[in-house]
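Heads up, the chain below is alone and in the form predicted on its own; it's given as structure tokens.
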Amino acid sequence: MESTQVIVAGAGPVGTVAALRLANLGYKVILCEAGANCAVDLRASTFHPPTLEMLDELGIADTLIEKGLKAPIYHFRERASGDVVEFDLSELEGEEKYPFRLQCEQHVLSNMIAEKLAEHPNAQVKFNHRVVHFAQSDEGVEVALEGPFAVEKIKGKYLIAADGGNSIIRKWLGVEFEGFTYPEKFLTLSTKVELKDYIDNLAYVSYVSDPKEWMVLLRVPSVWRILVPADESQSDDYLLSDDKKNQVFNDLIGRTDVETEHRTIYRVHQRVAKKFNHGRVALVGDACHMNNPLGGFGMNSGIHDAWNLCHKIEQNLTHGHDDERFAMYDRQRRPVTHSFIQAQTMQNKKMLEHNPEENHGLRLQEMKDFRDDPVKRKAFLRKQAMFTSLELERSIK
């Protein structure tokens, strides 16, 4: 039976970061992925400043920055009035190494790391290998992988479940995934049409409030991405049709002859696993928490999970296994998920919905107060950039 020290399930950005972090620390890692490669997922495209610091420690931040777009400025916009509330992370210049968001598709990071892992002396990458069973003891974990031709078994000291929102590992553990699914669907359209030619003063990251159809406009190197909500009664066929595409772009820029590169429908969840640590198995990323994409916190918080967990695994592999270290991972990351990631994404959504019952006017005024007060603005910038959530994590012992 093949053996290693850590098995990581899932080759998305969270799983690949965890695998490279441990391999760089000198530990043997096997990264397994059910798919044939790192899937092209269009949902996540924002890297926040603390995440870039972590990637810099892995030696890959500069390469990723070269492939992406720096976005220090982001906007909260009122669609009807054209009113813009602007925030600029450049204000953190001199305090933080990366005073900007980076706009780049998550699969660029995953593929970049997978290539490094394939050549790393401490790592193996097994695509087309799906976790179908695992069992753990006081000594470690035994994992069964379904490969193209046979079921393989691997022994390891730890198993990291980075296998996404439908995590089979979480389900086998019997962990409750508490929360809810939004009734509406989310539709993402991407186009090479330059939206800045039609919308004045458009930031690469723009959250657009509107009582009829709010939206998020995000620029990545190759395209503009437009995210809009859609009533669940509308069929997928309609949402992916030219009629819907034409309606969105006609309302946005007055054109219907826009070509799209992608049209994708998502169901969006706000859910948190009741426990992140389970003996020698730990959940990270979407496997233990899911949230709406407003703020770009999902992928980043998953990478922050992995960073925290890898430190605990390093201590255990160095000094001997201690359940308390994994319990600390849960104590530190789960409260952050509840008090910051979940709360902030839900608040951002309410801001965009323009719903009178949610006191939209008061929320807009609060945003302007943040912008106009230097102390409040700095605190808001740090919170939205996820420095505050990491400070909370580190304060928990």
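Numbers follow the displayed sequence, beginning with 1. Keep in mind the model is a prediction, meaning the values are calculated, not measured.
Beyond what is shown, the protein has a form predicted in complex with a small molecule; the following relates to that form.
Task: Candidate stretches 155-163, 75-83, 232-240, 113-121 - the one whose heavy atoms come within 4.5 Å of the small molecule in the model of the complex - done: Result for this chain: 155-163.
Open item on the list: Taking the small molecule as it sits in the model of the complex, is Y182 near enough to touch it, meaning that at least one heavy atom pair lies within 4.5 angstroms?
Closed with: Residue-level check for Y182: no, no contact with the small molecule.
TODO: May I ask you to state whether F297 is within 4.5 Å of the small molecule in the model of the complex, using heavy atom distances?
DONE: Answer yes; at least one heavy atom of F297 falls within 4.5 Å of the small molecule in the model of the complex.
TODO: Give a yes/no on whether H129 approaches the small molecule to within 4.5 Å in the model of the complex, heavy atoms considered.
DONE: Flag for H129 set to yes.
- [ ] Answer with yes or no whether Y266 is in contact with the small molecule in the model of the complex, where contact means some heavy atom within 4.5 Å.
- [x] Residue-level check for Y266: yes, a contact with the small molecule.
TODO: Tell me whether G15, T46 and L227, taken together, all sit within 4.5 Å of the small molecule in the model of the complex, counting heavy atoms only.
DONE: Looking in the model of the complex, the three residues G15, T46 and L227 all sit within 4.5 Å of the small molecule (heavy atoms).
- [ ] Using heavy atoms only and a 4.5 Å cut-off, determine which of M54, A34, I30, L64 is in contact with the small molecule in the model of the complex.
- [x] The option sitting close enough to the partner is A34.
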